[in-house]
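Heads up, the chain below is alone and in the form predicted alone; it's given as structure tokens.
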């Protein structure tokens, strides 16, 4: 089943959680205050932008998975100047070249490892905007393209310099064109978690790491001098990624007993994603990240926009059983997945 509606348009899928941005702003970081206002303005623009995703069909050919890199030239606009297209020679801008290469890695991973033809599985062209705004402290997927800020060089450095960021945000597009998980509450937490899953799997793939050698940190590559050594999330130990006077304290739970049920962060989409993230880590440590991500990708295609945690667990176990029968994952994988989710308190009764 394929869903083309962009649920992320309601709330842009941003890499830095709003809780962190708010804490930075409270701490007096001016660039965080500017970035928060810019994100709100961009979100309002998205409501007025016509994204014809609802008119597409699963078989619609919308491109040839070509990379198109635009330079926003520090304006708060997308697609200001096309600076590198598929097959073009290297650019004088190192950021353009880096994001071009990173998008190629993401595209190749989905094609070679998961047999997926670009974000929509129909060759969708990959559009990316770099140098967005002035010292913008975020990156986002908004339904049809990626946009990266340069950071301020103190709190965060350039977001396009991180494969983790590129992979995570483009993965939101994959989720959009498969399950279409609504960006709120448990479905939204699953949306964020799947992006972390694909992001870390792609990073491990590119760096030739294994579950044992990977650091399982999300966002550590974008930390500037004032936050060096911190991260935004830890899939290994949710709730331990950061704790400082600027970002605050990591509030991610690793177990359902600590589930956040409040209204902030669209019902905790970045917060509660720590619970399924931990289950993916545990599964990967047992059968390998390459096998675990295959189970997660197979299950993603069986979910619906309002899928909750319990339903997702059932789909993941069923997918593991299917892949065992096909000889793609080891025998015992369903039991591994069950044990991983039991360790984080799922499914709930």
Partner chain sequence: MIINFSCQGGFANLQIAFSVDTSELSESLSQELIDLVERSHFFELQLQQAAPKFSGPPDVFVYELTIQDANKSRAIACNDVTAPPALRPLLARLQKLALEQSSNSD
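Treat the numbers as computed from the prediction; the structure is a model and nothing was measured. Numbering follows the first chain given and starts at 1.
Beyond the structure shown, there is the form predicted in complex with the partner chain, which is absent from this document and is the topic of what follows.
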Inset, instruction - Find the only residue in 258, 230, 101, 77 having a heavy atom within 4.5 Å of the partner chain in the predicted complex. - result: 77
Inset, instruction - State the residue from 205, 198, 177, 183 whose non-hydrogen atoms include one within 4.5 Å of the partner chain in the predicted complex. - result: 183
Legend entry - Touches the partner chain in the predicted complex: residue 126 (any heavy atom, 4.5 Å): no
Inset, instruction - Check whether residue 247 has any heavy atom within 4.5 Å of a heavy atom of the partner chain in the predicted complex, and answer yes or no. - result: yes
Legend entry - 4.5 Å heavy atom contact, residue 266 and the partner chain in the predicted complex: yes
Inset, instruction - Give a yes/no on whether residue 160 approaches the partner chain to within 4.5 Å in the predicted complex, heavy atoms considered. - result: no
Legend entry - Stretch in contact in the predicted complex with the partner chain, which is absent here, among 132-140, 206-214, 274-282, 105-113 (heavy atoms within 4.5 Å): 132-140
Inset, instruction - Would you confirm whether the three residues 155, 192 and 222 all fall within 4.5 Å of the partner chain in the predicted complex, going by non-hydrogen atoms? - result: yes
Inset, instruction - Can you tell me which bits of 78-105 touch the partner chain in the predicted complex, meaning any heavy atom within 4.5 Å? - result: none
